[in-house]
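Just one chain follows, in the form predicted on its own, and it is written as structure tokens.
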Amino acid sequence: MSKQSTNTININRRKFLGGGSALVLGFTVGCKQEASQSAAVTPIENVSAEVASGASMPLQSSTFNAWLSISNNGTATILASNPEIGQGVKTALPMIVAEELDFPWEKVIVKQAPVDPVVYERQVAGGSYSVRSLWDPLRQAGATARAMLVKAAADGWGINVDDCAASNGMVSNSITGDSLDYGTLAGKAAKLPVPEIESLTLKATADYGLLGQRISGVDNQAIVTGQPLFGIDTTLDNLHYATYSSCPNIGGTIVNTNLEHIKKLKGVVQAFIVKGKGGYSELRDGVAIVANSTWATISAKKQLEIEWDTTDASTDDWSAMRDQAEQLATAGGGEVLHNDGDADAALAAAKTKVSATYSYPFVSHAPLEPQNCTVRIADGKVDIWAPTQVPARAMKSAAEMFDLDPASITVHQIRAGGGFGRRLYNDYFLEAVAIALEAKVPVKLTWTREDDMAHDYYRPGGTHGLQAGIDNQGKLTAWKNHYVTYSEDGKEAVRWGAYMESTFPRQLVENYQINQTLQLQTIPTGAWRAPISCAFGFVINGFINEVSTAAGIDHRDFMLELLAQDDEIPSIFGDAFVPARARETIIEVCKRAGWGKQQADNRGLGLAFYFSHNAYVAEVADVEVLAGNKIKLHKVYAVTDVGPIVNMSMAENICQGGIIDGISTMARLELDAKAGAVIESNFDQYQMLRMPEAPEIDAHFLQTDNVPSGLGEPTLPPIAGAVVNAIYAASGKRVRELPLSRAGFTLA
């Protein structure tokens, strides 16, 4: 959406000034009560013509945030503020407004909001937090508009607002039976005072008419018909195309390159060296090639020869590091991170002791759409089209790195072809800006798949040496975990490799101790779908199953007993962990899966539960182990409690997608590095799940009145644990390392 010049009207929270015939409401997205009560109106001229033509809605450049306009032609334009990366927020966020507004969805026009960190505060796709953070502000936006429209109608009829009712974009008069549509009332409503938030009546969950329904994504038709939506689709006049080549070893610098040869190749316009700034997580040393087509740039890139100085570059060898980690995990020692009770004494007194070592590899994000960014610099303005998960942070980084006026930069939110945490890092964004500044023409930078694999911010691997103690009644009395992870400086764990303080099952076990040992490494790591939980869910669920087996107690019953307390437990995710909600998901998923029924030979059910991103997810995998350690995944049952569902279609989709992603990663995905460079370079070496290998998935949601949580991440962490527990139930074989291929299992 392009920014347009508008006149800003400064008003207090009790005033609401309108212009034209459209009602425009603004709310800050912060949590402060006073800020949430603020409102502003931007005068809009000819808004009905703008809506009809698809033009962008003007926004005031102030601390206020315009969410909603209602046109006199009977349509409503609702802005989606956060990046859309496939998780469905471009549809879900406007649905929340439309529900409280009581407006027919078929008359809603959804637009992607401009990037404005002052107006929108947190425009981020990450942490499964978009719906959660905007739930109250968006409901208040819709409810406030509805209240003002009702008041406008009541004043016109000369009756009390209690004698009016709003429904489906109309206000009706209960005395006369007359009705008026919102478009007719919008101009008058815009002149009324904004009601206090305390006076608003928000709908109860049971009264939702739109929320919870299956609604097609607003971009679906464009996607299936191949219309340009994604960053890689961006086109501009006089657009040039670029590639960027940086050292496969982190920290390598350029000594020499065959630039003169590259410049002579067909289609090549420019080729030059870019010096790195800000460290490896921002702009690395590299060679840019600018040409008149993507084909020309990639063809030239294949002929590019670069001599690298790797004196200070990474020399990591992950296979060797993994072997060392397994030795360290069972050797004892390490820094004590958490120590509740006396785990050593409880282990010594335990009737039964269980120990095991679990490990998992480094993996890549590998989004379907590789990194790309388009930049145009002209007339002192910098326009950037990028599928980033953090547009405001990217804009700030570009301004600081290249000494640009932040006011001159406009970042256009572009739908991303997958993110999974990779697009939280904006190295490709900064590369594109650096190239455009040097080339002085509009450029679209496109990474190859090999670039994407070689220069990722990988999910860190890890190794866990676990011990547990069980008393005479089969109760878990002691839990120890010697966690071996990685560090760049030997002092702190790498990004998203640290042990989370509230990791399940802490505070459910009286004697609980976590030790940590750090191994040095320099290859970059980062947030990967359900950071930390994505790996810990496998480790913890697999080991708890070993404990319940040693105790001779059915795994479901063991889990329910472990979660028997009713006291809430503090959590890093924001809300406290509520064991009762966890129990409900476990009970329901086992019911749906037919837990306890006799299974056929070589077939078993595996249960896992995990709490992450304020979501409670229990899953059961139905697995058959065939000859030759071939695994047939028949079905996965998932029961999730994330509060009220906004869009059932997208909830099912994202739940199924998380499980498929988890199975794909669990099955055979792993990375290796030799001499500081990643070996795997494309999907022939990094093989994703194939369609015939995917199981049927039964996704079910417990509709509760709790504050809604996101769904982009939390269905992934339990699946590996559920599958390996099912493998044990079917065959008696334990899987303690991922991927399954490393443990000798393949998918049928």
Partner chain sequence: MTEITLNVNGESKTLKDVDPEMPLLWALRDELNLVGTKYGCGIAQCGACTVHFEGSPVRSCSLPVSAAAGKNITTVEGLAKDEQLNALQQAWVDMDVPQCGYCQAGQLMSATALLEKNSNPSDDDIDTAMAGNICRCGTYVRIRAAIKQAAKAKRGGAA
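These numbers come from a predicted model, not from an experiment. Positions refer to the first chain, counted from 1.
The protein also exists as the form predicted in complex with its partner chain; that form is not presented, and the subsequent description refers to it.
S.K.: Have a look at K275, K674, R449, K263 for me and say which one sits with a heavy atom within 4.5 Å of its partner chain in the predicted complex.
M.R.: Flagged contact: R449.
S.K.: Just one of Q112, T257, N173, T294 has a heavy atom within 4.5 Å of its partner chain in the predicted complex. Which one?
M.R.: Checked against the cut-off, the match is T294.
S.K.: Mind telling me which stretch in 369-377, 141-149, 473-481, 543-551 gets its heavy atoms within 4.5 Å of its partner chain in the predicted complex?
M.R.: Partner-contacting stretch among the options: 369-377.
S.K.: Is there a heavy atom of R284 no more than 4.5 Å from a heavy atom of its partner chain in the predicted complex?
M.R.: So R284 does not count as contacting its partner chain.
S.K.: Is there a non-hydrogen atom of G86 within 4.5 angstroms of a non-hydrogen atom of its partner chain in the predicted complex?
M.R.: Yes, G86 sits close enough to its partner chain in the predicted complex that at least one of its heavy atoms falls within 4.5 Å.
S.K.: Can P228 be called a contact residue for its partner chain in the predicted complex at 4.5 Å between heavy atoms?
M.R.: Residue-level check for P228: yes, a contact with its partner chain.
S.K.: Since only the chain is shown here, I'm wondering whether G217 would be in contact with its partner chain in the predicted complex (any heavy atom pair within 4.5 Å).
M.R.: Yes.
S.K.: May I ask you to list the residues of 411-427 that have any heavy atom within 4.5 angstroms of its partner chain in the predicted complex, in sequence order?
M.R.: Stretch hits, in order: R415, A416, G417, G418, F420.
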